[in-house]
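The chain below stands alone and is given in C-alpha cells; this is the form predicted on its own.
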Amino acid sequence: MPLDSSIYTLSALRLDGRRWNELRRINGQISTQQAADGSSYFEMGNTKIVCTVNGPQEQKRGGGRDQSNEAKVEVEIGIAGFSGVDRKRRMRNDKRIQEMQYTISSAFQNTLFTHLYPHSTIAINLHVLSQDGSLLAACLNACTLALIDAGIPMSDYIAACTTGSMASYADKEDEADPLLDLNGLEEQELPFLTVGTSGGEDKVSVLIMETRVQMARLEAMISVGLDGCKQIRSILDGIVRAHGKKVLESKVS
C-alpha cells in the first residue's frame, strides 16, 4: 500500500504520531561488549545497531610496506537477515553496504586524530539488528559512541540524522514542508538525505542523497537536518556523560 503523504502538514501528525520536526525515540549504551576495545548499542526508533571497535593495532604485514604516517580506519557492516521486512540477506560485496562502509570510513578518517597512530589500523564492526529508516545515520552515531568508549581521540562527535520533503507538493516546491528523522515507510516514498555534522558550528562531515528532489526544497531539508544533528549531538553527549558518571561512581565505591 503506498504511503498517503496527504496528511503531512505542519499542524498534523505523521503516521507514527510525530510532528514534522520531532525525532524518534533514541537510546544508546556504551561498553556493551567487554571483549572489544570499544563498543556501543544504539537505537533510532526501530533501527538498532551494535558497534565494536578494535585498535589502534599494528597493521598486518602485506606484500608492501605501508608508508602512511596515519592510522587507517576500516569499517565492516553486517546486516542480519531478520533485520528487515523483506528478510533479504545482504552479502559483504553488496554495493549498498560498500558505499556505507566507505562513507563511514571517510568521515571518521577526517575526524579522528589518526596522525597519533602511524602504521596502525582502527577496525570498526557494525551489526544491524533491525532497520526501519535512517540506517546510515544510526551507524554513524553508534560509531561515535564506540570510538569514545575505545578512548581514541577525535576533534568532536559526529552526529547524523535524515531529513526528507513532502511528496504531495510536487507542483509547489516553495511550499513543500521538510520532515526530520524519516522511518522506513517514509524513506520508501519521499525524497530524503542523510547529513552528519561535527562540532557545534555546523561543520558538515557527511551529506548523502540517494534520491532526486527539486532544488528549491534542498535548502530547507539541509537546514532542518542541521537542527536535528544538534539535537542528536546533545543526546549523544548525555549518553557519554551518564556513562562517565557511572564509571566514576563504581571507582569511588
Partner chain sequence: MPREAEPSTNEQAFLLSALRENIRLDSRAFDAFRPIDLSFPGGPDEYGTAEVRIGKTRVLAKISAEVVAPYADRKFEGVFTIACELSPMGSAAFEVGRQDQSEILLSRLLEKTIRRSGALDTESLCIVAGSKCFHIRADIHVLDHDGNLMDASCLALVAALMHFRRPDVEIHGEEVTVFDVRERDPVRLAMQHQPFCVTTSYYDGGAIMLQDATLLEEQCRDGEIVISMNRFGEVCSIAKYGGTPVDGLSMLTCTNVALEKVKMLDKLVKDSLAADEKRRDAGGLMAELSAENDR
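All values derive from a computational prediction rather than experimental measurement. Numbering follows the first chain given and starts at 1.
The same protein also exists as the form predicted together with the partner chain; that form is not shown, yet it is the one meant from here on.
The closest non-hydrogen atom of R96 lies within 4.5 Å of the partner chain in the model of the complex. With a 4.5 Å cutoff on heavy atoms, T52 does not count as touching the partner chain in the model of the complex; it lies far away. With a 4.5 Å cutoff on heavy atoms, Y102 counts as touching the partner chain in the model of the complex.
In the model of the complex, at least one heavy atom of E219 sits within 4.5 Å of a heavy atom of the partner chain. For the options A36, I30, V213, L185, the one in contact with the partner chain in the model of the complex, meaning a heavy atom within 4.5 Å, is V213. Screening 146-154, 121-129, 105-113, 177-185 for residues having heavy atoms within 4.5 Å of the partner chain in the model of the complex returns a single hit, 105-113.
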